[in-house]
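Quick heads-up: it's one chain on its own, the form predicted alone, in structure tokens.
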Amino acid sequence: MATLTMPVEEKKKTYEQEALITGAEAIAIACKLANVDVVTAYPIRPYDTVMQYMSQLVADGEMDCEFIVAESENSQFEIVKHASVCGARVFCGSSGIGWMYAMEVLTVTPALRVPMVCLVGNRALDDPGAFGVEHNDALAVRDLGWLLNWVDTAQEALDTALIAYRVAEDRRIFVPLAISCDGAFLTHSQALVKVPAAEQVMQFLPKYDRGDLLLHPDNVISVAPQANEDWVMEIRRQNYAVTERACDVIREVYADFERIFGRKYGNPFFEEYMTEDAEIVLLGMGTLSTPVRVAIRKLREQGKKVGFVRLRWFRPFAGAEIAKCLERFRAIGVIDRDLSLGAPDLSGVVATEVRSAMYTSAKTRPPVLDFICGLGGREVTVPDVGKMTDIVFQAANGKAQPLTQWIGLRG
């Protein structure tokens, strides 16, 4: 159970409290602050801790919402989809194969312009059975119109949940958004988190308003009509237009978040670590940033100029900005906590996207190597990072390397 404590020295006009909470609890508290109207739940690890903590908030009278325990993940997402169309701010989530069981609903939600916010507690897809983190579950919707974000701390989880509602519910966007938290590494790990006051959140996050898209007897509209060749292309083009303007909306929201809450995230789409004088760089998503940063500090002590870039937003993929960042390095190593069987160069999902961005937007094209690593919840260790760094340096020095390599295999 989270415990809120006021800072010892409270600054004037500071409304925040500190809480020792997990990443999952941070998401639940954000939903409480956002005044979410309808929450659906169905237990699957590691997402289930969000549901458990939120149910406790409701039971204790700290959160006022309709908390509905569904009979399956598919029903869970169906309920919030329809509630959102009727004007309710909603939340749900899942993990691994639970997320996949809801795929029918996940597919239709973007075209229906339903700005639901969900959590994916990243987990490996069965079989074989595994509770450990992989990113393929959330990445399964990458081409369907969902916005996708990866966080790496409980603080970022809470902040991003508030940002997610503001972005998704912007009438220029109006599509669903999934926040990805690495299973166990973030969903179950506690950290001190600054929890804003409701007054700050109210200033940042307006009420959910569907306007003329509200499903109501007094507003006769059609939801999910059969369109076929008459209008399907036009509907698809409307969703495409969302992706064209999503980056601008996200920048606006982050700027407003900084103004109101005082926390600065810099570039919304990715963050850089020790890249100023780096010769090579590693790139990845989620909580692998922790061992990578530790390893980079050790490598720096050895005189090896290596940096790290952590992606926050995978959809939209800010290709031009990412390419501009990466083109200045001699070589790039992408760490994929996923796999894309049969992809170009047999690489993972992130590496394939990075190479595409570099091809179309970069002035120079340094080698981009891919490392499949940390699948099934396996640790990405400091020695693993050292090995990947050595390989990338060899590529930077002109020695040909396999474009895709698996790191940390046993035997």
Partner chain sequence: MSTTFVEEKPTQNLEPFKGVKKVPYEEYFTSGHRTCEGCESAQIMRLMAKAAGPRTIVLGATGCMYVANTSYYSTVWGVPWMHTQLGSAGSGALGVAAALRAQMRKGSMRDEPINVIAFCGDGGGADMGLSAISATMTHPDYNLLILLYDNEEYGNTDIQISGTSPWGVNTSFSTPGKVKRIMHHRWKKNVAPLILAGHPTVKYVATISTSYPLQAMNNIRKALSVGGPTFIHCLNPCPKGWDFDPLIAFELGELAVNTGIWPLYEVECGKLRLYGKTEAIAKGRFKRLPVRDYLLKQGRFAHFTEEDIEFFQAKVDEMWNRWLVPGVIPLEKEIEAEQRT
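Computed from a prediction, not measured in an experiment: that's the story for all the values here. Numbering follows the first chain given and starts at 1.
One more form of this protein, predicted together with the partner chain, exists but is not displayed; see below.
If you check the partner chain in the model of the complex, you find no heavy atom from any of M100, L139 and E353 within 4.5 Å. For the candidate set N35, T381, S361, S55, a heavy atom within 4.5 Å of the partner chain in the model of the complex is found for exactly one residue, namely N35. Scanning H82, R330, K194, K305 against the partner chain in the model of the complex with a 4.5 Å heavy atom cut-off leaves one residue, H82. Note that among 367 to 375, 66 to 74, 45 to 53, 343 to 351, the stretch whose heavy atoms approach the partner chain to within 4.5 Å in the model of the complex is 66 to 74. Although the partner is absent from this view, E78 contacts the partner chain in the model of the complex, with a non-hydrogen atom inside 4.5 angstroms. Proximity of D212 to the partner chain in the model of the complex: non-hydrogen atoms within 4.5 Å are absent; the residue sits far from the partner.
Using a 4.5 Å cutoff between non-hydrogen atoms, P110 does not count as a contact of the partner chain in the model of the complex.
Shown alone here, P128 lies farther than 4.5 Å from the partner chain in the model of the complex, counting heavy atoms only. Of the residues in 196 to 216, those that come within 4.5 Å of the partner chain in the model of the complex through at least one heavy atom are, in sequence order, K207, L215, H216.
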